[in-house]
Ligand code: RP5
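The chain below stands alone, shown as structure tokens; this is the form predicted on its own.
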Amino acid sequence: MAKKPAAKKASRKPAKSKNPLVGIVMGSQSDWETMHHAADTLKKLGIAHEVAVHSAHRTPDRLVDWIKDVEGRGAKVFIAGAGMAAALPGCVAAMTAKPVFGCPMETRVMGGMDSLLSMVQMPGGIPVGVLAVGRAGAVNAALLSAAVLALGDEKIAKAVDKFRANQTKAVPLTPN
């Protein structure tokens, strides 16, 4: 009997782009388990993006250099994923006037509530749009980034419309 082909796993290799529209940053390598969902969603939509690991606490100078670099190459939106103190999205927002979407990581201590509460407590004047904890937040951060970009890009607008139409078609009328 022939073996079934192995199910294709989600991309685990961070995407790099010469001219990224979205910069995705996470505080540690362990965040990639969640953040790859943002990268995969942007890839499905055909949106150029770049992924990096920079800690707000351990590598702040490297983070600032990366933000300036990726913004200089065309990034219009940032997605920042972090857990625990979850300072990364706020740090990114402090360094750019571009939209920043925060993705709270699930944590062992409070299941991600610590991350979520840290992100939503930004001082007035430094906005971070915070999404759901975990995978759903990463996917939605990519979709929200795409919606922002679609305001000025008809190709991206069509890709978002197609994504949403396919999502609608995937919902059955009756249970199987």
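Numbers for residues come from their place in the sequence shown, where the first is 1. Predicted, not measured: the structure shown is a model, and the values here were computed from it.
There is also a form predicted together with the ligand; it is not shown, and the following applies to it.
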Choose one stretch from 147 to 155, 26 to 34, 128 to 136, 63 to 71: the one whose residues place a heavy atom within 4.5 angstroms of the ligand in the model of the complex.
26 to 34
Residue-level contact is defined here as any heavy atom of the residue lying within 4.5 Å of the ligand in the model of the complex; does residue 94 satisfy this criterion?
no
Answer with yes or no whether residue 58 is in contact with the ligand in the model of the complex, where contact means some heavy atom within 4.5 Å.
yes
Does the 4.5 Å heavy atom contact test between residue 105 and the ligand in the model of the complex come out positive?
yes
Contact test in the model of the complex: residue 82 vs the ligand, heavy atoms, 4.5 Å
yes
